[in-house]
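Before any questions on how it binds or moves, here is one chain, the form predicted on its own, in structure tokens.
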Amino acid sequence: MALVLLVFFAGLLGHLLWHGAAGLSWELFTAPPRHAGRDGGIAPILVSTGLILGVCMVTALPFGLGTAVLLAEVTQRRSWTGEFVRRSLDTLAGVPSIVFGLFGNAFFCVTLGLGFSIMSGGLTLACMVLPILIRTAEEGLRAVPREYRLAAAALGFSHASTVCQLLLPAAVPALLAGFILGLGRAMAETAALIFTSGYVDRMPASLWDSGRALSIHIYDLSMHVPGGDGRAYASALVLIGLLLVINAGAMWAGRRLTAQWILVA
């Protein structure tokens, strides 16, 4: 099965390289799009994508980590409140992204008055990735051996110190897995952002400006712009490259953090 997955990924990457490698250039990363995206680059698109992801993760990480600690370390495993929250999260994880887009449009864009903006798109994506972050982090915390908690109690650690200085560092691999899965889903999202962040491809001046994410740009070029397939393939290669770089960076940071924690311990 691992070989099948590798072959599938290699075939997908090869297809993108075959059709999009010719479109990779310095101009692609530094120039704004021209002629509906047929020419120019994707510089404003990359900035908008980074801002949307930044809003998403800055919002989701504190809430996700806090809820995971609550479920794993505070509530009882079989308590009705914990089970209700877990079942709710599992249900939300399976909700189609278009539904999150409609919710984001109704709540963030209309009710809160944020309009079509980077802030609305980032907050909507945060709602989407929260179930993944919480459930992954909770299972990672529960996987930490019980002896760690007993040893911390014997040494007189407070509950907060045990969580912050012992359990969270020990659960770094699971936390990174949740971060990578959540970030990957957010980067590849299209339907939810169409209803919240908008289509505008100019350089955003603030978080309250509309901004086009890279996934929306690829969709627009391939579906609505005649002659835009070449730029769509090149943009898809950039998206895959960003995912690989972020994954590699997160794994490197996780190894460094784990090594430092082992030395301190």
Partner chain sequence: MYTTWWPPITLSHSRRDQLLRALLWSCASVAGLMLVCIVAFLILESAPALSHPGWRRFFTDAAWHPTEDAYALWPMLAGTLLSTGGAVLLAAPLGIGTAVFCQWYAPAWLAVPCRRLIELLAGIPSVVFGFWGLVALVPLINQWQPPGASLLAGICILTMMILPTTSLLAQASLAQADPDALRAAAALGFGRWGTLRRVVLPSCAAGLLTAGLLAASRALGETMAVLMVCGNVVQLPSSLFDPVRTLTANMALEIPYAAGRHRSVLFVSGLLLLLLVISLVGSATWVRRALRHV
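Positions refer to the first chain, counted from 1. If you superpose the two forms and keep the largest set of C-alpha atoms that fall within 1.5 Å, you have the rigid core. Since we're looking at a predicted model, the values are computed, not measured.
Only in words, not in the display: the form predicted together with its partner chain, which the text now covers.
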| property | result |
| --- | --- |
| Contact assignment for its partner chain in the model of the complex, among I246, L13, A253, L24, heavy atom within 4.5 Å | L13 |
| Residue contact check: L102 to its partner chain in the model of the complex, 4.5 Å heavy atom | yes |
| Partner proximity in the model of the complex: A232 to its partner chain, non-hydrogen atom cutoff 4.5 Å | yes |
| Contact flag, A43 vs its partner chain in the model of the complex, heavy atom cut 4.5 Å | no |
| Non-hydrogen atom contact L92 with its partner chain in the model of the complex at 4.5 angstroms | yes |
| Residues in 27 to 62 close to its partner chain in the model of the complex, defined by a heavy atom within 4.5 Å, in order | P62 |
| C-alpha of L13 off by 2 Å or more between the shown form and the other one on rigid core | yes |
| Displaced residue check between the shown form and the other one: L24, CA, 2 Å or over, core reference | no |
